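Each of two forms of one protein chain follows alone as structure tokens, named structure 1 and structure 2.
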Structure 1
């Protein structure tokens, strides 16, 4: 859509403009990036590659210029409605609190989508330095094609010296016509964005003291020799070689995988997470050459031999029948039926998984069945069953005093997901069960807010909501969304009997590949009548990189190329009077 000659023209115009502070270097290639917006929704540049242009306005709540510019941007958005142009506001002041931003948007009447650039890394990537400044991206070329004031109203020195006009509008018109961008590029009058908060600590970042410990803590559980990830973070040399990919995986929030919204990280056990500060440190270290100035390499010295049975020797060890895993190809989920040799009912206190070959074992979900055999409906009602394995998440604990019942004469149904490693192998994994000596006070119960009536037309997206009302007082202890390849985002809210609504978990970028469940650190008390509201979006468009076929209508089905819509949960009944 954009031709090279436009770049040339723009560059020429730039050099003629003496007033320019922020030059519109029209060939500024940018990396793909992802951000969460003020409503907790996910935005990724590459998923918008089909748009003609993406316009981003740097916002700062302290800046009057920015507020006015936001209003003007709304007008511009109306003018270019239906032209496949996205108009977005981006808060790059480092503000992470979405509630504050939402309140501001309401006060200021901003209806455009507001991206939260909490690491400020996207502002840096786009070259945004001032409030009220605009960057226009050509998403196909992954390039910033215009950067500067929105219009003469927001331009430095413009009133006296320049003709009134909307520079962004002119640039957009030119882009849409495939013609020349004739507008001159002027710097915005907005205040400089404050990047100082992070520059101080970034200057002192070193490989040995900062980078290696972050990688060790956040990545090496999977990125180790024999681990599930494709390369081992075992030396500085390795990291330096992979650093462009590492940078992109951080900018797009792809790694660590299965990230949830910041505000909920503290509420759950064992969340794959990387903080704002850690991300900034890694990206800046990579941007300055990814060097190791010191003489030591903590990653090379790392002892990665995994501990077996973190919870101590289990009461019962179940050998999963060994699985042949080919060297290449995509493997369908395998469902294994494993009868248990128990002649009386037992109560499970905790479950731990031991991966046989962590390089290929991606996840296991363990369900139980009783003496009457497997009943699909009962299985679905177990939510996520006894527990789940994912790399770095071997141990599953239940709330205190609660047990998961296993009936005599029954067994386990295991859903196994393997990926290939390039080498043929046999996976012989084990499950360790820790049992209560006698029947515990409470039973671990499971269920789901589900809707089987799925109907998503080809090449479209659809949001769905399913609810489940608790009839008794309960303690909610786990949440887990389940969709397939078209699952895009997932969200859980509680609607209390008094009408109050509380969001409890938001997953802006749902990834089917990571069947995550979320165990509350403190189970939540829900009074009888509380409704769990599970919301999720299906993305059946061609812009979903995981979509096997956007041309089909999606309906309910067990195969991964069909869809499911489950908001699983686990709970225990509360004692009366609690």
Structure 2
């Protein structure tokens, strides 16, 4: 832990302006940041505030110095194994392919966790400029307290002719003992990190031609007047005022919401995503003052009036009975029975939900029942039924030539979950059904891999796994993880009958406030005997910013301060011979 003497020195020597730090110097404050590692797991600086120090080594696969330094860093990690110090490798070359990095780690026998700085923005934040360079961070103070060569073996310059020893070890020892860190540091002998790929285009970034189009495409759907976001992106002045928050959201991967691993963006419909280049442009534009040096403001001229229904006008609109929502209190789930006025069977090909009051409507799950009434066993076997609403998940799509049957004389059973907002309101939501004109070839089916035996002790993390085996050949068309506030990450893999394992969806930073199901663009064929493996992590520590109470033991429950563990899926049966 950085002692008071060192922290006072930091406070006196540095300042933070507008939450922007282009290039930190040693003992400089830095912004919070998040990265995904080579295994697809999430790392956020602020969620490691309980550590005494975090040591990061800049890595370049082309650098012999970096490869040697990685081995020496592993030795140093063993020395401080019981000191609450994390030792990490950070690839800041712009490499985005995690498979390549995993192969490199195996070839070079690197067992340390490797963070993927694909935008190179974290390297800039930390002031890393050379391969094999080390940055030591005090996560409690959000400060770089040492930057330079790992040891004399990797140092350039003099320092009494590079006297023998590990400079990083000296710095860590001083930090843990509450002593002073030597102000004399030496640069790494590693090659300079190459930032030219992005600096070439960043010099010409403008608000009108570059920034506004990104915000329009990636953000304005929510950031509009009356939208679910806290402010409307309606002018340059508004963007400039909110620019520190926009930067923080990008650096911590908090926005766009519900991001999945970049490897799977192209596999699913309607994914919230921002590219590496777009992130670089936005952050650097903000860091240089977030100015509009032109005479036009595209956002001010933008007429954001989206259609009420994302998928076009529905064939059938169902008005959910208005629900009175009190200002305060705990609200139990409401199960509404809504008969359908249809005199013949129909087949649904897509479902869309229109929230009446998004401020209080947490979710809707729409199940169906037939003319004989509600059968709980049938309801349980529907998975998430026709579809589900949660913020960010209004539209539910089915595979081509597949549909969900609704029988004449039947209706819908709606599970409604509300939270209070501090004022009384009425929620009058709607459901839009899109119908096939003729009976489709396949029936949409659903289910879940679930575990209700949840037991997570206070101030701890716990990983859980649930599985589901398909007894027949099927086409998998949708996946949807569901946990509550302590959900940290989520992952789906397939274990085939021949033993092969394939990852099909990874969500490094699970966000309960942005529930989403993921519809495959092309359903996956699964032979009989394939096992779906749903893995998730619960973070019940005080370092989880969403945790309402880390002192309680987590168990199964319907309320958001309790927990659930569902890996929902949707599928169709395969024809014989497929």
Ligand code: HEC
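Because the structure is predicted, anything quoted here is derived from the model rather than measured. Here the rigid core means the biggest group of C-alpha atoms that line up within 1.5 Å when the two forms are laid on top of each other. Residue numbers count along the first chain shown, from 1.
Colleague: Can you tell me whether structure 1 or structure 2 is the form predicted on its own?
Modeller: Between the two, the form predicted on its own is shown as structure 2, not structure 1.
Colleague: Does the C-alpha of residue 507 move 2 Å or more between structure 1 and structure 2 once the rigid core is lined up?
Modeller: It does not, since the residue 507 C-alpha is displaced less than 2 Å between structure 1 and structure 2 after the core fit.
Colleague: For residue 354, does the CA position differ by 2 Å or more between structure 1 and structure 2 when the superposition is done on the rigid core?
Modeller: It does, since the residue 354 C-alpha is displaced 2 Å or more between structure 1 and structure 2 after the core fit.
Colleague: Quick check: residue 399 between structure 1 and structure 2 - does its CA shift reach 2 Å or more after fitting the rigid core?
Modeller: No.
Colleague: Where the core is superposed, what shift in Å does the CA of residue 422 undergo between structure 1 and structure 2?
Modeller: Comparing the two forms, residue 422 shifts 8.4 Å at C-alpha.
Colleague: Using a rigid core fit, what is the CA shift at residue 380 between structure 1 and structure 2, in angstrom?
Modeller: Rounded to one decimal, the shift is 4.5 Å.
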